[in-house]
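Single chain ahead, written as structure tokens, the form predicted on its own.
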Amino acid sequence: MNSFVFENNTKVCFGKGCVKTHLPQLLQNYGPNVLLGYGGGSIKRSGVYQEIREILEQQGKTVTEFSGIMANPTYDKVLEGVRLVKENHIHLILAVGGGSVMDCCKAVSMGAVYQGDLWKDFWANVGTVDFEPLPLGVVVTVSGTGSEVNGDAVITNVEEKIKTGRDYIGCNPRFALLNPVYTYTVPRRQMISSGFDILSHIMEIYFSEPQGENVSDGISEALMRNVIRSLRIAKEDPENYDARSDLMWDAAMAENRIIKLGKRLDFQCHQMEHQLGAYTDCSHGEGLAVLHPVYYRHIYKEGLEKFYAFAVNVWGISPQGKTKEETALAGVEALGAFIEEMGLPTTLGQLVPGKELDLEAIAASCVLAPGSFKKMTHEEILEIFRECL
């Protein structure tokens, strides 16, 4: 394994009733003014909003609402949150929702303290967080991104048509409350899309150097099998607690940095989807579902050992009577079949029907990730996009 330094300072409270049990005590560590960040009206319809508001009020907190955080949070929305923090002298940001809400609120926590150009210094370029962001706590209602246990935040600059994510350890939430029951009200399509995002994160880590057997990849294989099994169950029985709780913890395990230890990381497919999203505002998980099989058909020969292990250890494909290359490709095709089984889109036409796509511009804007088994070019990325039509 490669050398690494591990750090994760987020306190996680998991299980039924964890918000009522733990949030009151956690709130006592912070001042009276709280910024409550959330997306649309789903947390109000589900009753989560009312439950959290009651706890905040019981603890004597003054609440400022930061609502309407969109699926692909924009830099303009971040600046709106920063303004609210400063105007209302906020002591704690509490993000309630999925990855987009958490990501936006992480960026707000930085902008509340940083005096320079937040986008230029921390998203357009990799910066150094040598200051302490405003404290952030999260309550998760959608399992997928794993944003609750890291400092990563994906933000879209609409004007520049750039969607990018950065992971700053200083932006880790102080605490994360994970009640699987809160995810029951997520629409099935969104649940499946977010579930595939979990699988995608693990694959992006798994399909990178080193290729030989190692601790991180052994854990990743177990997590991938669990995501596949749990997503199949949740698709048929959305309120199956065991499946939903497994998916929730799978998401956290995928992104709490543990399985990344000693790995080089790929995330080229994520970079491609980010730019596709910047131009189309498509669903992140669904975009990844379209791209992954096509991308992997381009790189599996360069990562043959790992793709072979993926086929055998994750999908249970027998190598008997097959070459190593045939077995590896069978694993990629099994992934494609699973995507179809889940009802996820498999082409760009299904992903963004009726939209004209400037694939050349999208491909040219993609960052070339250094961790891929195969050194990609913008020309090959354009080829992948065209094969996805």
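Because the structure is a prediction, the values reported are computed rather than measured. Numbering starts at 1 and runs along the sequence shown.
In what follows, reference is made to the form predicted together with a small molecule, a form of this protein that is not presented.
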note = Only one of 83 to 91, 225 to 233, 181 to 189, 315 to 323 has residues with a heavy atom within 4.5 Å of the small molecule in the model of the complex, and that stretch is 181 to 189
message = Each of M203, H292 and G303 having a non-hydrogen atom within 4.5 Å of the small molecule in the model of the complex: is that the case here?
response = no
The single option of Q211, N157, N72, S216 touching the small molecule in the model of the complex, heavy atom within 4.5 Å = N72
ask   = Of the residues T64, T346, T327, S42, which one places a heavy atom within 4.5 Å of the small molecule in the model of the complex?
value = S42
message = Even though the partner isn't displayed, in the model of the complex is G98 close enough to the small molecule, meaning a heavy atom within 4.5 Å?
response = yes
request  = Report whether the minimum heavy atom distance between I259 and the small molecule in the model of the complex is within 4.5 Å.
outcome  = no
ask   = Any of the heavy atoms of S147 lying within 4.5 Å of the small molecule in the model of the complex?
value = yes
message = Taking the small molecule as it sits in the model of the complex, is S194 in contact with it (heavy atom to heavy atom, 4.5 Å or less)?
response = yes
